[in-house]
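In the form predicted alone, a lone chain appears below as structure tokens.
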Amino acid sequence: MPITVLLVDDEPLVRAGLRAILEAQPDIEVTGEASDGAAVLPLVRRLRPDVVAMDVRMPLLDGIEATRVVLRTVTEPPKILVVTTFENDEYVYDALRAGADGFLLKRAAPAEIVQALRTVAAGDSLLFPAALRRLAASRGNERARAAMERAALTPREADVLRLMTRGMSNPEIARSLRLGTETVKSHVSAVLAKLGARDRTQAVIAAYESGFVTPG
């Protein structure tokens, strides 16, 4: 089955460019388009895409609020890939905090765009560039630090979280720690549960905001 995608951007040329790049791939199908975040929820309900590739800045409803609406309303929500112009955009960081699964620059090469979409669809590794890591660290706060302390991660879970913050997939973590992939999956699930994180993105944000890891 192909990865189905909903494109959301207020610029028709951007949507057309993304559609051309993605539909050239045998395993990706663009099933719909929207020009504003206000149209996302009904399209998600009707089309049930695997991934929503969404601009973060739009005139009526931006990508941050559209992400919140979808995740709050849809029982089995799609993955959300934030697409924008600037990698250090605070709007992008807020969209990731709201629950978006990854990040993509509009100027990325076609191969990078395709890989980003496949990565987010798989839910196995994380798209979180250095600029956003620094931004997350700059938003450190006592609440995040207290939550990390309450999580009481085991030493192995802490190792796994550190490697998650580097964007490693489960197989990469398994090779680094000399563990089985299924064991790593169990540790990742435990980390998410203890941190109250919906996914890897939320766990990595918690790691940086709490000071558990620092950019570098």
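The structure displayed is predicted, hence computed values, not measured ones. Just count from 1 along the sequence shown to find any residue number. Only the largest set of C-alpha atoms that superpose within 1.5 Å between the two forms is called the rigid core.
From this point on, the text means the form predicted together with the DNA, which you will not see here.
For the three residues Asn170, Gly180 and Leu192, a heavy atom within 4.5 Å of the DNA turns up in the model of the complex in every case. Contact with the DNA in the model of the complex, judged by any heavy atom within 4.5 Å, is made by just one of Arg156, Arg57, Arg166, Arg68: Arg156. Among the residues Val51, Val188, Ala34, Val44, the one placing a heavy atom within 4.5 Å of the DNA in the model of the complex is Val188. The closest non-hydrogen atom of Asp10 lies beyond 4.5 Å of the DNA in the model of the complex. Shown in the overlay between the shown form and the other one, fitted on the rigid core, is a CA shift at Thr67 smaller than 2 Å.
With the core superposed, Val52 shows a C-alpha displacement below 2 Å between the shown form and the other one.
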